[in-house]
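Quick setup: one chain, the form predicted alone, written in structure tokens, and binding and motion questions come after.
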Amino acid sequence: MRTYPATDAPARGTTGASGGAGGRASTARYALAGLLSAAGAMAAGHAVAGLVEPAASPVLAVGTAVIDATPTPVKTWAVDAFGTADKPILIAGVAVVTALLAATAGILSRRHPWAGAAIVIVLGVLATLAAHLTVGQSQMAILPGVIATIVGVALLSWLTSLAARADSTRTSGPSGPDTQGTREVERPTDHVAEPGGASLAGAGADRRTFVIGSIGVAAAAAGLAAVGQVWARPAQLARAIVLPPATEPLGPLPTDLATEVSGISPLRTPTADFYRIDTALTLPRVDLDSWRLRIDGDVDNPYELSFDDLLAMPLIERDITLNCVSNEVGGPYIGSTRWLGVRTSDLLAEAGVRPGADQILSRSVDGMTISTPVAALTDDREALIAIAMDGAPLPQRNGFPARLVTPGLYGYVGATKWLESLTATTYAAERAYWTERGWAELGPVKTQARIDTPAPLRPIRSGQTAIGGVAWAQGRGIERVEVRIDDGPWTEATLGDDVGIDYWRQWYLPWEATTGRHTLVVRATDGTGETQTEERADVFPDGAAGWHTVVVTVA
């Protein structure tokens, strides 16, 4: 076999190092190296966070920091647009941005390894800083971010070295590195083996090594992420909770109109369906045996209570409707159930709140703060430190082991979950999370009515049917509900039994539906005789207002 000087064109069957299919494959390998490095880093950080502090997991910590830094109008829009899916969407968004930066880091590492490593380090530092800022009360909060950074840099270095080996053996050409710049021409009389066979075999082996290494990293990342989930499980299941009987039990609820009128909300909201709106991307993990409720601040006798101390106190049952200030007119962020707990007035009386204090700043175990007027927690509305709902201990998502329940106030000023402390102070001295972001300080619930059936824009058959739903005005009760069909007169609806002024009330109106398109409007009048306003108001800064309107088509 003879060799001749090569021309400027590559030999047939090959491509340049950075062009064509081979160049794209090489770039893809480096991008994949960056992606897998980030996946392994986040999984390692998540596993470590499961041991020390679940909220310090890199993606969750960054997500929480993003929530804290997001302007109020954007937060309101997110809840309105995505509802309870806002948290998964946020986490997915953080993951996508991280993936894009990680892929960029891998591609840059092809020519400039230091640049790729710098991107990974910056991502790790941001995650560590976010954990420090959002989970600052935990001294170990920075550990997941530190571990993730170390793992990310190590994986990026290793995977890009594998990609470089696969790249170098491919670009050496079929004749091997010693014959670059020439090409071989086989004469008909030549019957010797191609000397480039060994190089081609080596290139295949290096590519297989990269693939195997990538699969290994992906599998390890998935395993670590799963382990982190297991380690981060709430500690609630570690101890069985036996609820003592209430010292002031309630009788059974009255007849539920939902059994007679299809489509209206049940009188008692099933616990699994109870709305959840908060800023926590991961449910706080509470060790029941070490958990304490602290009552301090401007009080004469600060003290602490264990969960067993709460169980030993007089427990009362109360039927209370809770709703979120982010609930639009006719929205779903409202629920009604029976709560079991201790009166906040008893706890604060024991502490001896000083006359100058006008707010109780309550704090969650994850650092969330909510401010509630002292009067709302000490008057005859009987606000509770609730430990159970619907006859069972609080689920983790609803505030286990204890939460604040304040009748007549929106949740952002009276329903702290995962409660850790009650601090007597003043509005001038301390501002809570939401009031710092422009929401109103007091947040009394507005009178509202909602049409549950018929559902908007769904066709219904002509003939006898019913319009129905619920109305609420916590602290005042519901006196009357009226419905208007198209431009007709207001017609008074039939009310369900009255559970109490702090509980919603079911209602319905029989309707002979005629063919065509109809507009249904509802309004409620509270126990003071005041009818809810028609004037529309946004949820910010103190709750939505206006009449709920539904358009239906009758076939």
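In this text the structure is predicted, and so the values were computed from the model without any measurement. All residue numbers refer to positions in the sequence shown, first residue = 1.
Note that the form predicted together with a small molecule isn't included here; everything after this is about it.
query = Which residue, Met368, Ala166, Val135, Val217, has a heavy atom that falls within 4.5 Å of the small molecule in the model of the complex?
reply = Only one listed residue qualifies here, and that residue is Met368.
task = With the small molecule left out of view, choose which of Thr435, Asn323, Thr149, Thr453 has a non-hydrogen atom within 4.5 angstroms of it in the model of the complex.
result = Exactly one listed residue reaches within 4.5 Å, namely Asn323.
message = If contact means a heavy atom within 4.5 Å, which one of 274-282, 107-115, 341-349, 376-384 is the stretch that engages the small molecule in the model of the complex?
response = Only one stretch passes the 4.5 Å heavy-atom test: 274-282.
query = Candidate spot Thr465, His518 and Thr553, all three in 4.5 Å heavy atom range of the small molecule in the model of the complex?
reply = Spot residues vs the small molecule: no contact at all.
ask   = Should Thr416 be counted as a contact of the small molecule in the model of the complex, where contact means heavy atoms within 4.5 Å?
value = Although the small molecule is absent here, Thr416 would touch it in the model of the complex, with heavy atoms inside 4.5 Å.
task = Decide whether Gly411 counts as a contact residue for the small molecule in the model of the complex under a heavy atom distance cut-off of 4.5 Å.
result = Result yes; Gly411 sits at the interface with the small molecule in the model of the complex.
inquiry  = Is Asn398 part of the interface with the small molecule in the model of the complex - any heavy atom within 4.5 Å?
reply    = Asn398: contacts the small molecule in the model of the complex.
query = Any of the heavy atoms of Arg403 lying within 4.5 Å of the small molecule in the model of the complex?
reply = So Arg403 counts as contacting the small molecule.
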